[in-house]
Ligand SMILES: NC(=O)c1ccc[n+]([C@@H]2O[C@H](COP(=O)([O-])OP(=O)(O)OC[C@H]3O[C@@H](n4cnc5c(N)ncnc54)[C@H](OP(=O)(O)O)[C@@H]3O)[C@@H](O)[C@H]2O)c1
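Here's a solo chain for you in structure tokens, the form predicted on its own.
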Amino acid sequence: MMSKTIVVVGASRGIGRAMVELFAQNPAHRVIALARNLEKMNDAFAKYENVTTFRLDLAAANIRSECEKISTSLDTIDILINNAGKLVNKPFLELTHEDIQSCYAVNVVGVMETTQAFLPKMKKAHIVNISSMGGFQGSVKFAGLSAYSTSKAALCSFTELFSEEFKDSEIAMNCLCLGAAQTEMLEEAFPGYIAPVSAEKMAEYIVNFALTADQWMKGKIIPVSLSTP
């Protein structure tokens, strides 16, 4: 397998953490792990010499400049996985301005500005946006998730629009709408629900997709789910 420089945003827990560990098993890869909780990432990835961690808060106003600082240490980026997510589980009439704004800041604005910052380091690359089945048109929707699911739907639209703008380049962007995987975020959204897929198994799928799928597709919105939710 060829060596690649891989950036995983949202790497401190759940699927993101599992992806970093899977990528890092190939010592030829260089893995850049980004998340708000730097201490947690340092503890998790200390055994991997090919993993570098940086603190990154997608809700920050200076997200693009922070990512540009990180990118100065990189010659190229082959894979970018926009995995971080913000969940608010609250009835629509109880949503505050901060609730809605925080979801969109992390799930949409942060993703777009992160991509802007890292794009100059990409020649032939694959960007994978991690959305949700809640943002997939025509899927079953759930009360309390209007801020979260609409922001994830916006991520699907961004994928299509980016792909149109960069259709003549060698940069592919695709979007995976994930169904239930056993993570802390799932427990926040559906307390007590047991998912049919572990975070580790979902991470296996995403890692393989990120490494190979850009050979066949650009701008695709793909549902990845065994269950409802």
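Just so we're clear, the structure is a prediction, and the values are computed from it rather than from any experiment. So that there is no doubt, residue numbering starts at 1 and follows the sequence shown.
One more form of this protein exists, namely the form predicted together with this ligand; it is left out here, but the text below deals with it.
This chain is drawn without this ligand; in the predicted bound form, the residue among V106, A153, I79, A147 with a heavy atom within 4.5 Å of it is V106. Interface residue among E165, E184, D43, E49 relative to this ligand in the predicted bound form, by the heavy atom within 4.5 Å criterion: E184. Checking 50 to 58, 167 to 175, 24 to 32, 64 to 72 against this ligand in the predicted bound form, the stretch whose residues place heavy atoms within 4.5 Å of it is 50 to 58.
At the 4.5 Å threshold, heavy atoms of R13 reach this ligand in the predicted bound form. Taking non-hydrogen atoms only, A84 approaches this ligand to within 4.5 angstroms in the predicted bound form.
Using a 4.5 angstroms threshold between heavy atoms, A203 stays clear of this ligand in the predicted bound form. Under a 4.5 angstroms non-hydrogen atom cutoff, this ligand in the predicted bound form has I130 among its neighbouring residues.
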